[in-house]
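There is one chain below, alone, in structure tokens, taken in the form predicted alone.
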Amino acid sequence: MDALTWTGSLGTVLNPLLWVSVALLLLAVAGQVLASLLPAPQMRPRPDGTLVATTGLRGLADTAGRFALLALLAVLLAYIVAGALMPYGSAGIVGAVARRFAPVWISLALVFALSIHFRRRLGLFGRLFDSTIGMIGFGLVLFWVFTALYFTAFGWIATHDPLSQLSGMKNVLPGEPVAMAPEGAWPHYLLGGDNLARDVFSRMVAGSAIVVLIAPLATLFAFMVGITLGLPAAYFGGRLDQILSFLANLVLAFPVILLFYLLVTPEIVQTGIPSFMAMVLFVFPILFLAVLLDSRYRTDRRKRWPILAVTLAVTGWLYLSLVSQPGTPVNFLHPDVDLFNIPGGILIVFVSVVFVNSPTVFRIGRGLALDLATRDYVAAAQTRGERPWYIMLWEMLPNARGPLIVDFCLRIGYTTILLGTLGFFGLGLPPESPDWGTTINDGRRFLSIYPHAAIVPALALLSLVLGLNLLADGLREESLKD
């Protein structure tokens, strides 16, 4: 079987268009830079008495940049659509990869169509689709979320087992046919092989599942810890605020990488400290949900106790299954009722991320609460006789949602980079793990000879973090309009 070229028969038509669109975009960007050095456009009056800025060279440069970007996106979309529809091999590596991601493209199209159609009913999320930056960021993030979901749930997208090694495929270039392929195996390594003859494309897909699993959940847990402590610290003040602020500053005083290194070293793991930290930190989501629901239904006794009982039972069972892990000092749950067993490396990294991020979230929540505590609606709630936790969680917290949502998206990006850094240094996760940081570290040793093994996961990591940052920028723009 022949090796695949990058674009196959698509290249004769689309490759020239791609280079032309890239050249036009670069020229448009250069024009925008030069136009920004010119004087600001003058204002001219309209017949109704209002003023409008004249277009000038700045407006022409912005318009040219917009059309050049749209042309480039149209060419890239043509690669994806044509490659997914053409027979396997005729569209080259690009077409084969596009075909593998077909479930992701369909899911993205459905989500965007429904979101745009109902955006006026979806609040802040709906207004996100009025921002071009927000839409691009949301699309990048959702792409990797769907990739991780389909790979984890159904084993789709990936072409080979990310841990399997095939003879003769060590450091092969992208598009090389599989030598002595087993019956039913995928015939090519689409993005090449690494130094252990594993499929780079499949490891990239499998690595997304690890990142998408750890980063958002760890950030969510950190927010529950930080908010649960930050709101009462600001609202009550006094000695409670001093103690909690001192502890937060104490954790923040340590360099992040050094703190992670201390938490994931084998000597620290053997003492059981990460397991005991998990027991403490994972209590906070239960406390947060219990206090949130109790303060909401305190006056409705028919709903209060059943809701609390169900919430505590479900979250308590999840908590016990999460912290009880075989082979650790914390192993008290019978295997028949243990819902899941998280691999030790992932649990340690998860706990470390929550522990490191919680103090920063505490500082942000405390700062927002100090400002919101002076608002009139808080004084009105106090006059009505509402209890402190109701005021904090149902009066102050909803009004802080804009900055918190933006910081949540940014913090997922920071956590993603942090996970990549840990994997790059070989900390926490096992060495055969397909996470992007470990894969980059494996490929960097041969970067000057076989760069594809490191470049592919690096671009995946870059695209996800870029998407999270653009999503946060879009949400910030729309939240400021409230």
Partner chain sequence: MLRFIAGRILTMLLTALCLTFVVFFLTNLGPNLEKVAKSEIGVRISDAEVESWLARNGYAQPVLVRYGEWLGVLPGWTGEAADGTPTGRCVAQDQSLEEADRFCGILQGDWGYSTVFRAPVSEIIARSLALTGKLMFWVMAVMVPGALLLGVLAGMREGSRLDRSLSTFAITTTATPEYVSGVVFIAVFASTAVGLRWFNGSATSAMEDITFVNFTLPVMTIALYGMGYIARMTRASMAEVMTAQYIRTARLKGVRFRDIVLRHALRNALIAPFTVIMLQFPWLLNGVVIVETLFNYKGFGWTLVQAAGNNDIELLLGVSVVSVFVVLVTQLISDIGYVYLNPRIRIS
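Numbering follows the first chain given and starts at 1. Note that the structure is predicted; figures quoted are calculated from it, not measured.
Omitted from view is the form predicted in complex with the partner chain, to which the following refers.
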Each of Val29, Val256 and Ser448 within 4.5 Å of the partner chain in the model of the complex, by any heavy atom, yes or no?
yes
Does Leu70 reach the partner chain in the model of the complex, with heavy atoms at most 4.5 Å apart?
no
Might Ile133 be said to contact the partner chain in the model of the complex, defining contact as any heavy atom within 4.5 Å?
yes
With heavy atoms only and a cut-off of 4.5 Å, decide whether Leu459 touches the partner chain in the model of the complex.
yes
Does Leu14 reach the partner chain in the model of the complex if we count a contact as any heavy atom within 4.5 Å?
no
Looking at 265 to 273, 293 to 301, 205 to 213, 233 to 241, which stretch has residues with any non-hydrogen atom within 4.5 Å of the partner chain in the model of the complex?
265 to 273
Contacts from 384 to 423 to the partner chain in the model of the complex (any heavy atom within 4.5 Å), listed N to C, are Tyr414, Thr416, Ile417, Gly420, Thr421
